[in-house]
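First comes one chain, alone, set out as structure tokens in the form predicted on its own.
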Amino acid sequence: MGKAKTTDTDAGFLPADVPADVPAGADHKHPAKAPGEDAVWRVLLPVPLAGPLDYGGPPDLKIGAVVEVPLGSRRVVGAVWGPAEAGEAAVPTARLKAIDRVFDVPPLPETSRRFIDWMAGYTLAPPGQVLQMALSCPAALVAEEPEAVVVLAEGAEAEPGPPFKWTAARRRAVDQARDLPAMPPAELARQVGCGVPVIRGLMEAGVLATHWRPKGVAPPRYRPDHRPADLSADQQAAAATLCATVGAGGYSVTLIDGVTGSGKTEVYFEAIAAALAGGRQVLVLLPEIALTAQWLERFEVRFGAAPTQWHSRLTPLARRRAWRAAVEGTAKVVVGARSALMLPYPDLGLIVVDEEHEPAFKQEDGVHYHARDMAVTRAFLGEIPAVLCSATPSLETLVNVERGRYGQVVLPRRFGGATLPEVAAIDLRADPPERGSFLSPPLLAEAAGTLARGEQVLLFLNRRGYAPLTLCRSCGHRLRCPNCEAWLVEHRLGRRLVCHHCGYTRSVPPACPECGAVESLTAIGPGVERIAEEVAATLPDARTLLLTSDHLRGTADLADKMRAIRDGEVDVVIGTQLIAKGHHFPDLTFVGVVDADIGLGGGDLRAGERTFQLLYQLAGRAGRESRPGRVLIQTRDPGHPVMRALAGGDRDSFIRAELDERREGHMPPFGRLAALILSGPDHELVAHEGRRLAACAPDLDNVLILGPAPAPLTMLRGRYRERFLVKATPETDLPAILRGWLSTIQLARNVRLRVDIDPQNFL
């Protein structure tokens, strides 16, 4: 279908309540003329205030300049949001505090400033709180001390006079200096494979010259034509469509909808190549750090250099350098988690959102936003193309395709002739595991046969730890978290009980804390550690690997484990959703799902959709090369629509049924939702404030306000919670209605209010 067009009055992806021309703290498109001698500037600060504050400063400041200003007794970093219009300043000019410092970094681009204002307006977050995400690395505002680098000197081809003598090492060093970017002497020596004195000798002879540059990593040299993949006909057609949208410029959104193993990544790599050839920056969003290791390898093979990474596990130095490189435009390709979207790119030309359906793209603390939706917003404001990619697209994205707001390219077949795996359900009512076990006989038999053929097995259970519940056999007491309304999960390998909501940890008590019975506590239900224990007992010769976030020491450790699986050093992988998507293991042919029914209960609007997406992606790990794959799904409800769709390989019928159900209930994407969560340490006070808020709720035909009611997790991290759910028609200006409603009441000091537009989590 290709590029989806929009008009000035139809922004396509934008909710009806958000105008395409986004207002800001200052008119970014047509700023007022710089004031004269007594300049008054509006400075947005990363604090939860309603808008910018006024400061005095030099008249030649640029809008977007990053500055340091006094705020009470502190010094705070902020950004110049524009000049104050005549008579607009709330404080007389003579009494205004002055801007203390202007940092030597590029000003925040106009598009970034408009994006911050837009996000603040849409999410009801203070604009300064959104700005804080863009200025999330204060250390990067001060440049590192310059370092000496060596380059080939002018006239270096001429022979230096005696006593200089050419050696093989010296000639290699000259050849490397000619081909590589400038680098410190020690780094050049390492590249050449010689000692630093060899480089020093060339410098003294005038063959190499010294330059000074800001300390840091040299910008990578990407080569768009370095090593293009051998694309199938389907891939070539899809890549041509994406490259055409990049070449045409302007806003568009295109979905790559391809089955698992169809080569979607190679297709959008071609769009990246087109953007790089045009000299533009590229942002690639991945939902989890776990997906980056193999992705980085593939990227470097394709383009000849590694991209700049941005995520929470970077070292402080790497984070500092990455932020500065992105802001200065020397980082031409940035790959990262959702927070990478907030970096102030000066020349962004393409945004790619891989696995766009992933719940991990929703930020659930601070500013509540969905990175996929905000990426589309950022593309619209910057008038650039965006690419969404998934084997199981979200219903919201599919409806936008259906309505012509997004384009679509389809990859219906696996690359290289590989076939999709055979999927079957195991009815645990008919084939239950043996007493005390959790793996059914058919699943164990298939696993044993797979290992006998020299192939790999993946066993999946989306539950960390050893057991989700510990109770006393004598009195029935269940071990709870003291801070949350949740059971403590036993982690037997770490010899501890853990709350997965707040992180509370304690050792397993020797006796029941309720009745005092000794050795009466027992683990109920399976976690992945318990499945690993069962595999060790039933398949004793298999080399097993337990892969969850609890058992990783960082990204390097994850990369080592992924390499071990790919190299055949592991027979059975036992993991959670960390292993379910984005990975390619040539010898993995069998996937067993231990408990497929997890996640289907609880009344979550998206329970069926998410379970289908997770299990479909998981099944896609099997049989990705020449050998066929098989998937067995243990379930107590094989007639559930999710299980029928998976076993029948009928994604489209499942999607149609889900959409029909949502349409009938006027739920997203055919309606709008917002969640309001009140929380505080005093249960009665929170309930009282909920009733006060309900009493002043607007009475509108197109808005239904449900609540207040106790949240499903009534207590979380020591705070009691009451919840409203606001439901509205698609065209309703929901943020504006909420803004007006919430402005009518001042809540008690100890009660917090969290607003979540388009909630993804209903706990």
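A residue's number is simply how far along the shown sequence it sits, counting from 1. Fair warning: this is a prediction, and the values are worked out from it, not measured in the lab.
Heads up, the form predicted together with a small molecule isn't pictured, but that's what we're talking about next.
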Are any of the heavy atoms in Asp230 no more than 4.5 Å from a heavy atom of the small molecule in the model of the complex? yes
For Glu266, is any heavy atom within 4.5 Å of the small molecule in the model of the complex, or not? yes
May I ask you to check whether Ile633 falls inside a 4.5 Å heavy atom distance of the small molecule in the model of the complex? no
Can you work out whether Arg223 and the small molecule are in contact in the model of the complex, taking contact to mean some heavy atom pair no more than 4.5 Å apart? no
Out of the stretches listed (435 to 443, 643 to 651, 256 to 264, 590 to 598), which one is close to the small molecule in the model of the complex, meaning heavy atoms within 4.5 Å? 256 to 264
Quick one: from His688, Arg298, Arg543, His477, grab the residue that has a heavy atom within 4.5 Å of the small molecule in the model of the complex. Arg298
With the partner omitted here, the residue among Asn400, Gln235, Thr392, Gln456 that in the model of the complex has a heavy atom within 4.5 Å of the small molecule is Gln235
